[in-house]
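Single chain ahead, by itself, as structure tokens, in the form predicted alone.
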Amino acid sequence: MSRTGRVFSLLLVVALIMSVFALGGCATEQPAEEPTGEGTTTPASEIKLIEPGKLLVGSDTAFPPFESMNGDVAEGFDVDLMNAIGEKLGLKVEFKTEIFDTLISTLQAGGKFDVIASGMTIKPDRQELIDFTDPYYDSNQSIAMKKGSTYTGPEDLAGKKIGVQSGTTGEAWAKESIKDAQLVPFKNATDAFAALAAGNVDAVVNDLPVTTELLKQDDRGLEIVAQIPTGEQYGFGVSKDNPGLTAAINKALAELKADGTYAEIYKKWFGIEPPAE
């Protein structure tokens, strides 16, 4: 081989080696998904949190069995479910008490909590303000009155005082369905039932599972007189500026349903298996 040929061959080998390193370098520059918890991966840059490593949850903690306070500790179906989601995401969960009617505006303002977990029905008007995760609970409404009261339909409540929780779907149903209703809004469901027991309102319209829980061991002479099939679904609320968190919660929720954790939590708080999807 001539000197010129040997030089050409050497240059060709060098060029091949450089191309291999260049391809390897390109491969390592691809962004990798970072694990946020066992079984769930979401790019860390896509999840916005007020406090690193912590998921702050806004909730009306007077809404059993979904959330209520046992001393200084929040407990309930939403609480257990959100704690399980936090474990999937590798985040510590902390509940913060907020009046239901101000949950959405506070989430929009930012700085206080990352997500709403408060038995909140997914509704189009709310979806204009915040995003919702996939539904996690099916609910209906109910009407409660004092035992011995006569109720055959909404017409029986025309012009009467109806206790409701401010900002809820129960309030919206009463306004739409009861003629000349005198709505009396309360900041939480327990206050509404206290008013019913005291005779300050004639009836309370409220979410069926919550009314069932509140009256389960109640000795104040109250009862559910009607179940209203509204076909509502609860979802967790997330800021529209935080789609990565919504996606991460949805993925964790799906995993909890698949591995049986969701069913265990459901049976713990409602005593029955969750409905088939």
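Heads up: residue numbers just count along the shown sequence, starting at 1. Nothing here was measured: the structure is a model prediction, and the numbers come from that model.
Note that the form predicted in complex with glutamine (GLN) isn't included here; everything after this is about it.
Residue in contact with glutamine (GLN) in the model of the complex (any heavy atom within 4.5 Å), chosen from P154, G86, G167, P135: G167.
Checking F77, F193, F100, F95 against glutamine (GLN) in the model of the complex, a heavy atom within 4.5 Å turns up for just one residue: F100.
Residues with any non-hydrogen atom within 4.5 angstroms of glutamine (GLN) in the model of the complex fall in just one of 155 to 163, 168 to 176, 87 to 95, 195 to 203: 168 to 176. Within this chain, T106 is remote from the site of glutamine (GLN) in the model of the complex, having no heavy atom within 4.5 Å.
Of the heavy atoms in S142, none are within 4.5 Å of glutamine (GLN) in the model of the complex. In the model of the complex, none of the heavy atoms of D114 sits within 4.5 Å of a heavy atom of glutamine (GLN).
Glutamine (GLN) in the model of the complex is approached by Y234, whose closest heavy atom lies within 4.5 angstroms of it.
Contact residues in stretch 46 to 68 (any heavy atom within 4.5 Å of glutamine (GLN), taken in the model of the complex) are D60, F63.
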